[in-house]
Ligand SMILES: Cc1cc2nc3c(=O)[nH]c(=O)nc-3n(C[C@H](O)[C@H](O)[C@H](O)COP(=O)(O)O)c2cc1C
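Take a look at this single chain in C-alpha cells; it is the form predicted on its own.
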Amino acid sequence: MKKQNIIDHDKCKKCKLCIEVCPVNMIGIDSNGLTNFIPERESICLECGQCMAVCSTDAIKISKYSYEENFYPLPEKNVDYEKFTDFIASRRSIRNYKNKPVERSIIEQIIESLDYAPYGSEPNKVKITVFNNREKIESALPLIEKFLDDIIHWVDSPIVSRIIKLKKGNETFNTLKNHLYPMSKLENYKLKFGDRITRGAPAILVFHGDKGAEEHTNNAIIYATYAIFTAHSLGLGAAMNGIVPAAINKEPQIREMFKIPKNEEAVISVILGYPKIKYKKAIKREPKITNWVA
C-alpha cells in the first residue's frame, strides 16, 4: 500500500476539487466531515498528482511528490490553435543530418521535457538509453544490415512466417512483410549505398522496458512523440525508427552493443541530429477515416 498521502486540514478549503479529479476515487469526505484519503483505496493510487495540481492551498501531499520539486504555476498564456498547428505542421521526419554532434545539454533538455508527458500505468517502467556517438552507431550498422537481410528469408519461408505470426501477431508480421521485406529485397538498407538505417544521425534515443511491464509499450511511444517535438523546438531534426529496436530484440550482439538488458525489450527509437536540408513546405496528408457516433 502506498503511504504518506496526507491532507493538511488547516490549509484545506473544502472545495472538494480533489475528490472530483481523482481518477480512482481515492479521496472522499470522512465521518467527521473532513476531506481525506480513503485508506482501503490508497493501494490503487496512480500517483498522477492531479489532486495536488488542482489544490489552490497546497494542502495535499502525495508521497511521491512535493510542491517545491514537482509543481509550478501554469503559465497564463497558452499556444493558440493556429500557432500550434503551424508548429506541428513544420516538423518533418528528418533523414538527412549534418556531420555535427548533438550537445549533451540539448539531449538532456529533450529528456527533461518527458517529465510533462502523460502516461498509462507505471511510467517508471520505461527507460531511455542514449547513444550520442556516431562511431558507436556505425559499428552496429553491419549487424543491423544482416538482420534486415534475414527478414527476406523469414518472410519467404512459410514455416518461419507462421511462427512470427503466432509469436508476434499479425501487426508485426504485416509490418515485416509489407514494409521491411520489399525494401530489404530491393537492397534499400545495404550499406554500400550509404546509411539508410539510422540515416547518418549522430544520436539515438532507445526507449525500452521490462518485457510485459504495465503499459510500457504505450508509454514509450508517448515519450518518443514528446521527444521528437521537443527536438524540433530546439532546432534539431528527429524521426521515429523501428528498425533499431527490432534488431536489438532479435540479435544478442546488437543488444549488447546498445546496452539493453536481456530481460528488457526495446520498443521504439528516435534518431536525432541537426537537419542537413531545410524544407520549404508542410505536407498535409489524407484525412483520417472518422466515424461520428451521435
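Residue positions are given as counts along the sequence shown, with the first one as 1. These numbers come from a predicted model, not from an experiment.
The next section is about a form of this same protein that is not shown, the form predicted in complex with this ligand.
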TODO: Identify, from the list 124, 99, 133, 93, the residue with a heavy atom within 4.5 Å of this ligand in the predicted complex.
DONE: 93
- [ ] Identify which of 268, 236, 254, 27 has a heavy atom within 4.5 Å of this ligand in the predicted complex; exactly one of them does.
- [x] 268
Open item on the list: Taking this ligand as it sits in the predicted complex, is residue 240 near enough to touch it, meaning that at least one heavy atom pair lies within 4.5 angstroms?
Closed with: yes
TODO: Answer yes if any heavy atom of residue 165 is within 4.5 Å of a heavy atom of this ligand in the predicted complex; otherwise answer no.
DONE: no
Open item on the list: Against this ligand in the predicted complex, would residue 199 count as a contact residue? Criterion: heavy atoms within 4.5 Å.
Closed with: yes
Task: residue 285, heavy atom within 4.5 angstroms of this ligand in the predicted complex - done: yes
TODO: Among 37 to 45, 254 to 262, 65 to 73, 240 to 248, mark the stretch whose residues have heavy atoms within 4.5 Å of this ligand in the predicted complex.
DONE: 240 to 248
